[in-house]
Structure formats: C-alpha cells, structure tokens
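Just the one chain here, the form predicted on its own, laid out as structure tokens.
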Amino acid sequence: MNKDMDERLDQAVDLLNQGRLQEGKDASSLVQDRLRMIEWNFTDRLNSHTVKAIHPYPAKCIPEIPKALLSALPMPNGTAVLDPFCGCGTTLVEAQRLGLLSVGIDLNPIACLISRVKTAPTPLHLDRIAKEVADVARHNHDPIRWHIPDVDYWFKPEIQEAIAALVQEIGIKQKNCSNDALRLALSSIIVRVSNQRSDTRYAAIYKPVTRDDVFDYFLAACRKISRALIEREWEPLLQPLIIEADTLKTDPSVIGMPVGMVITSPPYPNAYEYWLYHKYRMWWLGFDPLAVRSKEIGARARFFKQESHAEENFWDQMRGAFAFINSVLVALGFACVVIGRSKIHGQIIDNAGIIKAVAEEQGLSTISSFERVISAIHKSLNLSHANIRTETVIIFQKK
C-alpha cells in the first residue's frame, strides 16, 4: 500500500467515525481500490508465526486473509472485531497483533481452548510445571478412568493409562494459570499416540507408540507452546473475549461491546467434520463431542442419512448467523466472509450466492467479492467428494 493511499485511508477512518463514509465518493472508492490491490491467492506468503502451529487444526483460514482485511478496511474507533465462527483463533490473533479488541465464538471446545492459549499471556514456568505433571503421571499406574466409546479400538491399553494419568494430574493443577496450556499440549498429541491414521484420516492403523512416548510427546508439546508464546512480538496483549457457544443461539448482549468489523469463515455443507476429527480429544478432556455433533453446521454425515440435510438447512443457518451479525455490527461497519462451495449428492451448491442473499436480506450491501485459489497444502479436507478448489472472499457493509 502506498503512502498516499494510507493517508487517504486515515481520512476515510475519520469519515467513518463521523458516520459519513458513504457521503464521500473518494472514501468509498478508496476502500474498493485497496481491496483490489490485494493478491488474494497469497502465492508469496511466508511461514506463519509459530503460535499458529501449536495445535493441529485442519481446514483453518489462513492468517493472510484477516490480516489483509484489517489493513484495507477502515474500522470505527472504540469497536471490536468479531469472528462468530472463530475456530482456532486466526482472526483473533491478527486483531491482537494490531492492538484491536476482538470477540470469538465457537461451538467446538477444542477450538476455544486453542484460541484462548494462542491469545493468552505466556504462562510462567510452563516447562517446569509440565515436567512435574509428567513425573507424577509416569508413576501412576492406576489412574481414574471413565467411559469413552470404542476406546480400546483407538488406543492401546498402555496409552490409555498414560493419557488418563496426565489428565488426572493436570486436573489437580486446575487453579494454576498454566492449566489451559497443559490441556492443549495433551490435546495436541492425542491423535499422534492413538491408532488413528492422522488428523485428517479417520482410519485405524498400528503405530509403534509406547507408554513412555506419551509423556515425552506431552513434554515436547508443552515446550513448543511455551516457545511460541514467548516469541510473540506484539504488545500489549489485548485479551479477546472467547465464547464457547452455538452462534445461532447466542444472545447478542453477551458480546458486550460494539462491533466494527466481522471477519469469519463459517462451516459449510459437506466440507469438513470438525467434531469427528477432534472427538477423542474432547472425550479425553471431559467434553461431549456428541453435543457438538448435534449442532455443528455442515457436518458431512448429515447429508447421507435417510432424512438428510439439504441446501435449505444452510440457508436457514446462515439467516440465523447474519441476523446475529447484523444485531451487533455498528452502522457502516464491515462484515467479511470467506466461503467455499459444496457438492451434495453430485450437485454443486453456490454457498457464496447464499451468503450474499441472506446478508442482503439483513440490509448489508455487497461492497466487493473476490475468488481465490486455495493452496494445495491449505485446502479443506474431503476433496474427493467436495471438490473444493477455490473459495470466495465477500465484503459487506451495513447501511
């Protein structure tokens, strides 16, 4: 972005704060110009900061998208950034880097845990506390157990014992500020020590993982989290509000602050089943994955039952999402959505068209729309049936 355009953006922000952005043709065209200057495929993207990789989370939005939007669009003073489907916190981290208040909502408790740890202050003495936890857990050969469905199929007995011992010892340190980081470290290795092929392949295979490996991997994960948080170069750390809830049933009053910009990539039909690939993480950490499954938007299994979901369900869900967005977004605020298409029973579903239609029903105007190619290493999963190769970035403004 050139200096002249940056100066004009400052003027646009002044107009926006006066409620007059739409009065100035130059200000409106400036927004369009800045958006058109963005290379939306981000072919020259650099490696992300290490804090982005502290826990597996397939099919996540790349940080370059919220970063570009936050840089290109003027935001009213005293307002926050909202991601109503925040996932692993990509938008929240980018807002925090810029010193902006932010709010994230997600149904998935693992997603909320990742987001909290990514944006929280670095826990003191995490490595030392982790070693204490692991040392005690190694000697616990009779930990507390609880019912987990099909646990013997997915975890060898000695692995179950080691995980349960770590869960028990982490629970004892519940009041310690390191608790979230310890839980996240354990969550990050669950698939690695299980019989599940990978984070993106739900099939059982043999893995030569031992009981001692569980503790070693846990300690390595704690070190990785600690180093990543220490290496964050942005200050101060404005803490986002992270709400674990179903966005479609969330009362707007819980946001507690005016929202000047929404940046989100909502789940969409038949693309990726977050609950399925995180369900044993949820079971081990004491969450209920079945409750998450019952409310998850777009879960693939819902489209292959006798009374399967259809395109109409997504229309209804997005109407609910945009009613919520409209209720918290300030006048002349922006709502930015990243969405791919779906393939259901051989039919291509234009999710971007659905998003535009329901947003405009709520009185949001489409400012710009850009198609981008998804990098092969960042594509959503289940490509064989969804055939998702591109996604659309759509920018709306509230009238």
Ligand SMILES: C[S@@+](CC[C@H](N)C(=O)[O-])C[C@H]1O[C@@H](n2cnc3c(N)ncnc32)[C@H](O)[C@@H]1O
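The shown structure was predicted, so the numbers you read here are calculated from the model rather than taken from an experiment. All residue numbers are counted from 1 along the displayed sequence.
Below, we turn to the form predicted together with this ligand, even though it does not appear here.
*For the three residues R36, G333 and F396, verify that every one has a non-hydrogen atom within 4.5 Å of this ligand in the predicted bound form; reply yes or no.*
None of them does, since no heavy atom lies within 4.5 Å of the partner.
_Stretch in contact in the predicted bound form with this ligand, which is absent here, among 193-201, 137-145, 124-132, 77-85 (heavy atoms within 4.5 Å)_ = Result of the contact check: 77-85.
*Residue contact check: T247 to this ligand in the predicted bound form, 4.5 Å heavy atom*: It does: once this ligand is placed as it appears in the predicted bound form, T247 has a heavy atom within 4.5 Å of it.
*Looking at the partner-bound form in the predicted bound form, is E296 within 4.5 Å of this ligand by any heavy atom?*
Judged by the heavy-atom cut-off of 4.5 Å, E296 is in contact with this ligand in the predicted bound form.
_Any non-hydrogen atom of G89 within 4.5 angstroms of this ligand in the predicted bound form_ = Within the cut-off, so yes.
*Does at least one non-hydrogen atom of V103 fall within 4.5 angstroms of this ligand in the predicted bound form?*
Outside the cut-off, so no.
*Among A72, L229, L186, L107, which has any heavy atom within 4.5 Å of this ligand in the predicted bound form?*
That would be L107.
*Only one of I344, A59, I65, V51 has a non-hydrogen atom within 4.5 angstroms of this ligand in the predicted bound form; which is it?*
Here the answer is residue option A59.
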